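In the block that follows, a single chain appears as structure tokens, in the form predicted on its own.
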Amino acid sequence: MPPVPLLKPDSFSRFQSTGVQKLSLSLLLVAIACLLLADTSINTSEPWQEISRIGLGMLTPTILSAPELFSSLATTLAFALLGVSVSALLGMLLAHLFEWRVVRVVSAFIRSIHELFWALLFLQVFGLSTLTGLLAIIIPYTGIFAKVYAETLEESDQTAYQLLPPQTGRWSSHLYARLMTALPQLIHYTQYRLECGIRSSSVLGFIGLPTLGFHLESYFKQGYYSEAAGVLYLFIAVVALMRFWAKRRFIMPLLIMSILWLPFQTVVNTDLILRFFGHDILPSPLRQYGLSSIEGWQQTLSWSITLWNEQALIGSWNTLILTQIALVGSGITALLLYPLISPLFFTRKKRVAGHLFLVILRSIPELILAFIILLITGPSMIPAIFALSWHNGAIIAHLIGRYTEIIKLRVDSPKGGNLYVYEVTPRIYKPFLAFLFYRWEVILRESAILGILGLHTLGFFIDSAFEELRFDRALFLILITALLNILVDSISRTIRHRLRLSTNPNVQSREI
């Protein structure tokens, strides 16, 4: 990771004079109001008994079927490696065309839909196949890569690019003058995105694909907590040890092994594809009256209004409520945890435990973490709030902790709690808010998808529509989710621009 630029020493009084106070207070008040409206009930009769059983399982991990477990691990890594590699190549291609509005719009749309929703769509056409898993990762990740790569290229040193002769070809100038300059940052971000891909690949097990998430869900549902702990620890170890096995010299052999490992015997039924995309996902009135019928379009309008009032509005409301609570919860978590890895507060040996703790929190996908908490509290917003806050807060805490490594303290700096409150936190607060708002869109996507656990967010109604084979309803609700994500991303960019919330133009600003 490239060095972080030295932060200018801001005084606490200067921190108070900025607009971030009003923003922070507004976020807190909105989160409190949402918390009052949220379902935070505990619906299990004996939660402590379940906690003790899960705790005992975590302390006594076992692996019953090692061959099956390691097969799932290999499938998880293969999906992640191939999915991220293909999407990185496609994202780089789109990044060179990112000044085209159509490319930006398409990229924003495909990345606004969670990979699990993409998987549910392709599941109807290709079944539980390799193609379903790969497309579920490739499509949204391509949109993410396109945006991040384009921003990285734009923010890199443009001197060589500007000195090229006018007759230099478009692709040659991009390759030799821009790509080579930004290559270290691009590689670093791609490695981080591979970590995200492993989490996404694991979560695909919740729809039946044979990844680690499939075993985690099965073991936890059956109460086999020791076996679930064994799978969970293996997953955390794989993510934590990425710096050793995900090196550049190993990637090509791993990709070849992934291609050989995954079964590519998917039978593509053209008639089924045409029926799904040309009939099944069309609103039911259009299927009944035809695309050329005026009455069909009138009925479709009524159908859309009814679906909006009965499902989309409720799902959007709950998704936004959960998002705002989790956004503030992530911020509070990050502010509480960043000192654990900061050299300004702890010695090198003590920070090792802090790093390990943050790795564990950010390695477990929100869906899996929420599922574990759900077993203790029962269905409500509590599991989702804690899962989203802990996971995203750990990621932001890691980034903010890295920022503090280059802060130079004054000789007369306070000690202990005063150092945290009056010296360090004010100096990292604006970058902290920037990281938090970068994460806002991600939290919204995860809030929607957590509905498959029974919470009445958009994901609940989408999952129900798929179970009832009402694909037109599912697509309508997925589009609502995408529009919400695009709206939140636009608001986030506006706030960051007006308050000049920046993490400085380097790769760390997008490692979220």
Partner chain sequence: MINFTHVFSSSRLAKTLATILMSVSIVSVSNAEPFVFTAIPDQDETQLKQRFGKVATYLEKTLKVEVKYVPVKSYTSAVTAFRNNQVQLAWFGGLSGVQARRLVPDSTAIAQGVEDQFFKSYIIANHTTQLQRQETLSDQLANMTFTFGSKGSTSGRLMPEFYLREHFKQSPDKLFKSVGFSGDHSRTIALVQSGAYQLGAVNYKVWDKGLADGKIDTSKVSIIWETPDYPDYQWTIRGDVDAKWGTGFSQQVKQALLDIKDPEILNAFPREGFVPAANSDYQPILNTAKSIGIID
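Rigid core: the largest C-alpha set superposing within 1.5 Å between the two forms. As the structure is a computational prediction, the values presented were derived from the model and not from experiment. Numbering follows the first chain given and starts at 1.
We do not show the form predicted together with the partner chain, though everything after this point is about it.
- Picking from 270-278, 251-259, 428-436, 397-405 the stretch near the partner chain in the predicted bound form, with a 4.5 Å limit on heavy atoms, gives 270-278.
- Although the partner is absent here, G91 is not a contact residue: none of its heavy atoms lies within 4.5 angstroms of the partner chain in the predicted bound form.
- In the predicted bound form, F460 approaches the partner chain with a heavy atom inside 4.5 Å.
- Of the heavy atoms in F214, some are within 4.5 Å of the partner chain in the predicted bound form.
- When the partner chain is considered in the predicted bound form, P263 lies well away from it, no heavy atom lying within 4.5 Å.
- Only one of W118, Y189, F220, F98 lies close to the partner chain in the predicted bound form, with a heavy atom inside 4.5 Å, and it is F220.
- For the candidate set I382, C196, I364, L375, a heavy atom within 4.5 Å of the partner chain in the predicted bound form is found for exactly one residue, namely L375.
- Although the partner chain is not shown here, in the predicted bound form the stretch 191-213 places heavy atoms of G205, F206, I207, G208 within 4.5 Å of it, in sequence order.
- Core-superposed comparison between the shown form and the other one: the CA of G127 stays below a 2 Å shift.
- Relative to the superposed rigid core, F371 undergoes a CA displacement of at least 2 Å between the shown form and the other one.
- Comparing the forms between the shown form and the other one, the C-alpha position of P383 differs by 2 angstroms or more, with the core used for superposition.
- In the predicted bound form, the separation between the C-alpha atoms of Y233 and L375 grows by 3 Å or more relative to the displayed form.
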